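Only one chain is included here, represented as structure tokens and corresponding to the form predicted on its own.
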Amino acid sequence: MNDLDILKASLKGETLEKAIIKYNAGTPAAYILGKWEFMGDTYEITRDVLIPRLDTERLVEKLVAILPKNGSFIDIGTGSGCVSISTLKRRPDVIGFAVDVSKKALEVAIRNADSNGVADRLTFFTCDVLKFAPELGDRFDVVVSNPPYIPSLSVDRLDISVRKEPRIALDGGEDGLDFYRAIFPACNKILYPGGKYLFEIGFDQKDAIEALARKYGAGSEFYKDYSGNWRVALLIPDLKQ
């Protein structure tokens, strides 16, 4: 079912007619409806957050699989909270922390955590990812992130519907790698020995992320999305602390 079909199934009459006009003008269906499905879970979606996408489900599937029993994770750039929340719903033994620079995005994520029944296991706080210098008493088994990874010059060439989404959630700097460079070295101090990084990446960024991992002495594994593109990077640093 495509986005237009979802609108037709969700709305009727004059409301549907107005929605189709907005959709044809480039407004994403998720913003028109104010909600969207991800991993079979329902999320409130506003213009302050990136719309959850099918390919990101691969990130959640891998996170669910690698978290140890009674483990913990920190989700950097959480947006709607979909990665954290859908993970917690499938792993009732784990806890999560979620970070975003946007207070409005965090407000949406907090409501989503509550409506999906995981608010008691998810802690939120505001932080600029590019200046991320965590000073948390806790450590984590996994640092997970679906950061902005589109090169700046490419953002303005995206489909109009994608450009309706927050640029802050899309623009990854000149080469699309700014956020990975910021997150990876900053977070070693908050990972348990044996801890891992799990990133969503652009379809053409595998080699660059692999090189970044080598720079910091980390091993790497990569996984494809449902379209056969490289989409998830698992980085395993050599932590001896």
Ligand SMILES: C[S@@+](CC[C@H](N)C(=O)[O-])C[C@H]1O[C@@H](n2cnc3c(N)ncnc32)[C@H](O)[C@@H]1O
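Quick note: we count residues from 1 along the sequence shown, nothing fancier. The shown structure was predicted, so the numbers you read here are calculated from the model rather than taken from an experiment.
Same protein, other form: the form predicted in complex with the named molecule, not shown, and the subject of what follows.
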Quick check for you: of 88-96, 111-119, 155-163, 75-83, which stretch puts a non-hydrogen atom within 4.5 Å of the named molecule in the predicted complex? 75-83
When you measure heavy atoms, are Pro151, Gln205 and Glu221 every one within 4.5 angstroms of the named molecule in the predicted complex? no
Which residue, Gly195, Pro28, Gly176, Pro52, is the contact with the named molecule in the predicted complex, using a 4.5 Å heavy atom cutoff? Pro52
Does any part of Ala169 reach within 4.5 Å of the named molecule in the predicted complex? Heavy atoms only, please. yes
Is Thr123 close to the named molecule in the predicted complex, meaning a heavy atom pair under 4.5 Å apart or at it? no
Asp138: touches the named molecule in the predicted complex, heavy atom cutoff 4.5 angstroms: no
Taking the named molecule in the predicted complex, which residues along 97-117 bring a heavy atom to within 4.5 Å of it? Asp100, Val101, Ser102
